[in-house]
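Just the one chain here, laid out as structure tokens, in the form predicted alone.
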């Protein structure tokens, strides 16, 4: 990167270039943003939370739902005038929307400087320099699933996990670790196989090495990420076939790593060896996120989910038998193409008998480029989608409210992550206790009064009351253990 290009603003003053990044979407996008920021920071950039003060503005995007894309195009529109006033400001669109829309982004926002898909994020610094020097937009996207041989397509989605930057994470004690990228399930409603490419599992040795680095940086809890994380498979040079259960076992042996979580799981790949690892490894969360999407076989067939309701029920029975204290959460899509009232009622019935910890419920959003968009009419009216969303959420909330009452009076160890989202002040200016937040080993949110010195520790709390989404607790003062020390700014949980 040429220092002269990067040290001059439109006003001609010298300074470290400032970077603003807006991230929309899943945990994969959060991790991608951390890695992009780390790469740019190593080249002299300074992060800012004020886009108007930035020299480079990057949007890391999501294409799962139309609302996420609309948000980005709206944001780009707001920065059009800034680009006119300060033409040296670089604006970039990264991630799934960049891979999906490509030229459409430049058509709708011709002032954008770089368009970079999730498989090309390592090239962001290079492309920013080229866009500035050549004064023309730069694009780097991976091949389409039908754009070459499988090997050619796989190779076009470059692995991008080499740099971890501790100052770029929202919490110094927690970190995401990607163990695989891409997806080969091809659900008819989903753009991920197109935007993130073929399924690829990372070498377990690299994952362990990265985790050790994170622990050395102060991390004590990691979350393993994959589009279908329990599909993880890797054959090493000695012929050994690694599964997610093997990886969990290996990671559990790392000293000072206290907790391991993994998301998101695919129902058909929920094997007995994985459930046994969740049961037997003390560091692994007793928590599984396993999207069902629908309780109706006809809807599952149209969605191409590759399992039936009976198979999902059988999986849930194995989870309850093998790991009785395991919490399970799910995803549901309401208003999918052709969903009748009878079909929707079957989703309600599945929620009632599964008694999920919580469910993330989404209204179906047609996505161009998916099979559902090509094959099926979006025939459920918006007002019906809204009503079904609210009805299913009400059923789930009632279940969560009842089940959470069983935890009143129980004691749990939680990692104190920081102030709860209800705290909006300056933590350094507060001398007394404030409402803190943490999670139990079944991933339940727990809030309690505590001093800021507890942040980063593993503290024992007693639950005194509960709502559908939160356990309210008090600290049990005779039990506090410490994670790795850190001198970073204290995080705020949002």
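Here the structure is a predicted model, which means the values were calculated and not measured. Residue numbers count along the first chain shown, from 1.
This protein has a second form, the form predicted together with ligand SAH, left out of what is shown; the following refers to that one.
Note to self: Taking ligand SAH as it sits in the model of the complex, is residue 412 in contact with it (heavy atom to heavy atom, 4.5 Å or less)?
What the structure shows: Looking in the model of the complex, residue contacts with ligand SAH do not include residue 412, since no heavy atom lies within 4.5 Å.
Check: Does the 4.5 Å heavy atom contact test between residue 364 and ligand SAH in the model of the complex come out positive?
Finding: Taking the distances in the model of the complex, the answer for residue 364 is yes, it comes within 4.5 Å of ligand SAH.
Notebook entry, point to check: Taking the shortest heavy atom distance, is residue 65 within 4.5 Å of ligand SAH in the model of the complex?
Noted result: Because a heavy atom of residue 65 falls inside 4.5 Å of ligand SAH in the model of the complex, the answer is yes.
Checklist line | in the model of the complex, residue 189 touching ligand SAH (heavy atom, 4.5 Å) | finding: Residue 189: contacts ligand SAH in the model of the complex.
Notebook entry, point to check: Out of the stretches listed (127 to 135, 315 to 323, 83 to 91, 355 to 363), which one is close to ligand SAH in the model of the complex, meaning heavy atoms within 4.5 Å?
Noted result: After filtering at 4.5 Å, what remains is 355 to 363.
Item checked: Site check 227, 305 and 331: each within 4.5 Å of ligand SAH in the model of the complex by heavy atom -> Spot residues vs ligand SAH: full contact, yes.
Next item on the list: Could you work out which of 404, 245, 293, 220 is the residue within 4.5 angstroms of ligand SAH in the model of the complex, going by heavy atoms?
Entry: Of 404, 245, 293, 220, the residue with a heavy atom within 4.5 Å of ligand SAH in the model of the complex is 293.
Note to self: To verify the annotation, which of these, 171, 420, 142, 264, has a non-hydrogen atom within 4.5 Å of ligand SAH in the model of the complex?
What the structure shows: Filtering the options by heavy-atom distance leaves 264.
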